[in-house]
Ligand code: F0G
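Next up: just one chain, as structure tokens, the form predicted alone.
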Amino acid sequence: MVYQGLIEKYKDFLPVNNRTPIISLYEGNTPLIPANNLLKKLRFDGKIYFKFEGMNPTGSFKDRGMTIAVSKAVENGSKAVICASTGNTAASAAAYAAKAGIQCVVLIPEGKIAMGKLSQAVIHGAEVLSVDGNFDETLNLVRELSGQYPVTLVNSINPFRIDGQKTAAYEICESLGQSPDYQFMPVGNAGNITAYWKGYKEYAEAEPKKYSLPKMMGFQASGSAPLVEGYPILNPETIATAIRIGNPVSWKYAEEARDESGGIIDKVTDDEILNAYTLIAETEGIFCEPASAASIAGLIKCIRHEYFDKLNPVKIVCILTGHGLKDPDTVLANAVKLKKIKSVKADIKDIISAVEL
């Protein structure tokens, strides 16, 4: 059967019916990639896989939830959707609203959004408003607006978003033929860790002899780690713009996922994120956005601290939430630090010397 998007594939597990118009860009069905080169580099005795969500239509995992959120909005007669965003939600909401033929309004924190993501929202025809405030303030504004006007909020507070995003857990189980032992992932507004945990629980409940529950390992950036610190961060800062959120909407559910699974939620520094971001590009040929690399940075941190039992090799899945082309400025801004660009003369000998041929 030709793949027709995640609603069509998983409709028996999703809150849709015969009246629901399916607004789809054929999202989902993203690859689960073995990280064999990284295994050798880290000298890790186990298995590591990347669930590369950057292969979704707009380049991030947000499309999984947006297909259902927008489909249900249209079913309920909505003519417009609205969201607050650090980038990926804006891009996805704008694309799916365009597909549905309805209006999209996006509020972004001024100066806190990667240009790759902003350009997507603009080209898809969204009404983009830059707010003099941080993400948490913009989210409060859209929540207030959606409560007073006939416009559908499509941030992860919308339960349909969570239902769509949980399908990635289904795909992981199907690809592996079982559940992973550990899942590592970045945590920003915390809707995604909530969604994956819901998906794993549903699969384990449906076939308990085949599927178990992985330990959920969430990682925040150290300058934006409210779940780790235990209180909201008023002015979150990190190179990983997608998780630059100081007061996550799904805080409570993320803690439930951590506690119920026996996992952890920890933090990694921007330097650790940047190093992981470069490492997987060089070793595995995968270009993910900086926030995605928080999952790899977290895994490296756990390996270095001997978190895993060496006598019991484990199967690990790391979620790469978005494509690197979402934020190419990070590569260029750190090109000197990463020693990726050298200046040479227009001379063969100088070039040979520079590349050490």
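As the structure is a prediction and not an experimental result, all values here were calculated from the model. All residue numbers are counted from 1 along the displayed sequence.
This next part talks about the form predicted together with this ligand, which is not shown.
- None of Gly218, Gly164, Gly191, Pro180 but one reaches within 4.5 angstroms of this ligand in the model of the complex through a heavy atom, and that residue is Gly191.
- The partner is absent here; in the model of the complex, the one residue of Ala257, Ala126, Ala73, Ile243 having a heavy atom within 4.5 Å of this ligand is Ile243.
- Across the options 202-210, 274-282, 243-251, 167-175, residues that bring heavy atoms within 4.5 Å of this ligand in the model of the complex belong to 243-251.
- Remark: Thr67 does not count among the residues lining this ligand in the model of the complex, judged by a heavy atom distance of 4.5 Å or less.
- Put simply, Ala84 is close to this ligand in the model of the complex: some heavy atom of it is within 4.5 Å.
- Proximity of Ile296 to this ligand in the model of the complex falls outside the 4.5 Å heavy atom cutoff.
- Interface membership of Thr321, defined by any non-hydrogen atom within 4.5 Å of this ligand in the model of the complex, is confirmed.
- Although this ligand is not shown here, in the model of the complex the stretch 48-69 places heavy atoms of Phe61, Lys62 within 4.5 Å of it, in sequence order.
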